[in-house]
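The chain below stands alone, shown as structure tokens; this is the form predicted alone.
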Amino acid sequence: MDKLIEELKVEIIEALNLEDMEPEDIDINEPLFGDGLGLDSIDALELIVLLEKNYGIKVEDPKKGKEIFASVKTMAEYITAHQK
């Protein structure tokens, strides 16, 4: 799962145009929204697209998004559990 986590960090930086960040700047347990990376609802939509495009995973229930996108680690766990 470490490879997936590193891959996700790079994809998040690219998808959200976080130009001043490097993958090592992102703590895998740090919240993606709020106090952590400080992402917003537009960023959440980008992350949903990222999951669909790169991993073939559809987020059917928007309420689940809060759980899935809590941190990079929770995203990786969700992908691992739901990837086809």
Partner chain sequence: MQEIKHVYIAKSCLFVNGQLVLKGENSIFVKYLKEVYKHTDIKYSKYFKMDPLSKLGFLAAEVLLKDMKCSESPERNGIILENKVSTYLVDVKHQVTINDKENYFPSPANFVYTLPNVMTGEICIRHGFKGENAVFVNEAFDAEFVCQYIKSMYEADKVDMLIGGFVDADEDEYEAFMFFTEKDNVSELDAKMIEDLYLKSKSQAEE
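Note that the structure is a prediction, hence the values are computed from the model and not measured. Positions refer to the first chain, counted from 1.
FYI, the form predicted in complex with its partner chain isn't displayed, but the following is about it.
S.K.: Would you please decide whether Leu39 lies within 4.5 angstroms of its partner chain in the predicted complex, comparing each non-hydrogen atom pair?
M.R.: Close contact exists here: in the predicted complex, Leu39 approaches its partner chain to within 4.5 Å, heavy atoms only.
S.K.: Report whether the minimum heavy atom distance between Glu46 and its partner chain in the predicted complex is within 4.5 Å.
M.R.: Glu46: contacts its partner chain in the predicted complex.
S.K.: Using the partner position in the predicted complex, report whether Ala70 sits within 4.5 Å of its partner chain, counting heavy atoms only.
M.R.: Ala70: no, not in contact with its partner chain in the predicted complex.
S.K.: Applying a 4.5 Å heavy atom distance criterion, does Ala76 contact its partner chain in the predicted complex?
M.R.: So Ala76 does not count as contacting its partner chain.
S.K.: Answer yes or no: in the predicted complex, does its partner chain come within 4.5 Å of a heavy atom in every one of Leu16, Asp20 and Lys53?
M.R.: Yes: each residue has a heavy atom within 4.5 Å of the partner.
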